[in-house]
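Only one chain is shown below, in structure tokens, and it's the form predicted on its own.
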Amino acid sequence: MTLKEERQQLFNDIYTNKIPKRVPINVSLTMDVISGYKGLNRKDVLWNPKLVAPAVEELAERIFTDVNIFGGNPRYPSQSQALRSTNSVMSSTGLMQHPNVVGLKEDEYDRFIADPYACMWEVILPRLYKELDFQNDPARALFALYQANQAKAEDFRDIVGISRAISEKYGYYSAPMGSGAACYAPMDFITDNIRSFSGMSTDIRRRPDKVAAAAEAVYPFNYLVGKPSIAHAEGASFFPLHMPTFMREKDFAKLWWPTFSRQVNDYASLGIHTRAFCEDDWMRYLDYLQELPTDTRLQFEYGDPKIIKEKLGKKFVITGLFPLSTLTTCTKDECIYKTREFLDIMMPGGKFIFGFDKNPLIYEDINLENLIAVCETVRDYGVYDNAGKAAGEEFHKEDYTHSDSPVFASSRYRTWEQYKQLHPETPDSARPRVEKLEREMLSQVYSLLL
């Protein structure tokens, strides 16, 4: 409990503009990595997450980190196979892979723009999930959806059980319940499973006006899904940022940036922070990032740590950048030296959380002894001598104005007023629950398109 209190204070200081006692360590491992540590079959583990519980316990004993060492897994075959997914499939080695798939054809933009949510149900989901053929086999589609939901709930229950047990025993930091959420930037959402990466790359050149209109149309839906239940200094909405580094800057500025920056600013006006993973190399976009709300949390994959710290370190919380490859290409002593060298750059002034440039995919991506050495070096070397002092700029939600974006509406979304017309005997006290259940369906559809 003492260690947990210390960790809670570390992150609270980071997120409330104070220099913490030491640098917080954000290192966790997925089930694929943890199963490799014990030589478990990945396919068996994905179908039975409880198999990794003993390995999680062992790694928690060996690796010092301030967040839960068990990072779960983003995709599970029990759900995707129940729906006959084409966008989440298991490889021969047991890795869940995301092929380049197309859910919306190039001549269907107008239908999507008119009602994105209805188009997802009627066009996109049936293409990506072969069991969701609502038109030709609605009974099977309903059964498959129920089976997938049950499978997901069972896997989630097992994973949460492991996470909670290990968190209580080792005193890991956790943000307040309901203060976190996740979504894509609007244009990234349209790219990944709707138009595909290759399709969007073509659309940017051939039909940029349709791309811009689609991003605007999907914004209200994206906003609702990515909005946390509560606003809290330690919470955030997470955005993995995909397309920008593969775009020309003029296309980025015109098509990608407007809806993303609007969503981040809209959240900031409510006191909600954003955590963005700047995938690939964002060095040419640092001036754009400078426009984001104070205390936005920026995780970088590649880039120059000195320049990033100098340009962004006083306004934003910075993490990432430390090369995961160091663990497998350097000796233990070299890892320790490089960690200290990195801390000397990133620590001054606070607003820094230690993390790698990317998460390991499999156990062979790490050298365990080197990982242990790096984490212990951060813990012991990353100590501040001016803890408690002010750290950079301070966030005030009053500095941001919410945009006048349209309210979400769809032929496939039932508002409280519509529900009340169908069921006039329902008491007004039931409204929060009814609206919550309707929003949960939005989140379910969204998750199937990630």
Partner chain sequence: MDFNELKQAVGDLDEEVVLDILNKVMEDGGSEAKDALEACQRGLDIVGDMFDKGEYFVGDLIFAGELMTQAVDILKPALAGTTTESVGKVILCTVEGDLHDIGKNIVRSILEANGIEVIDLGIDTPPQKIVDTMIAEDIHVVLLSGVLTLALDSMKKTVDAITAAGLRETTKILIGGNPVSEEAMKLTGADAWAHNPQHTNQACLDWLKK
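Positions refer to the first chain, counted from 1. Predicted model only: the values in this text are computed from it and were never measured.
The following text describes the form predicted in complex with its partner chain, which does not appear among the structures shown.
Taken together, the three residues Asn12, Arg297 and Thr401 all stay farther than 4.5 Å from its partner chain in the model of the complex, as judged by their closest heavy atom.
The shortest heavy atom separation between Arg205 and its partner chain in the model of the complex is within 4.5 Å. Mapping the unseen interface onto this chain, Glu279 falls outside it, with no heavy atom inside 4.5 Å of its partner chain in the model of the complex. Contact between Pro138 and its partner chain in the model of the complex is not found at the 4.5 Å heavy atom cutoff. Contact between Ser229 and its partner chain in the model of the complex is not found at the 4.5 Å heavy atom cutoff. Distance criterion of 4.5 Å from any heavy atom to its partner chain in the model of the complex singles out Leu95 from the list Leu95, Ala175, Ala114, Ala213. When its partner chain is considered in the model of the complex, only one residue from Ile353, Ile308, Met247, Leu241 comes within 4.5 Å through any heavy atom, namely Met247. Only one of 83-91, 268-276, 182-190, 376-384 lies within 4.5 Å of its partner chain in the model of the complex by heavy atoms, and it is 83-91. Annotation for 250-274: no interface residues with its partner chain in the model of the complex [heavy atom within 4.5 Å].
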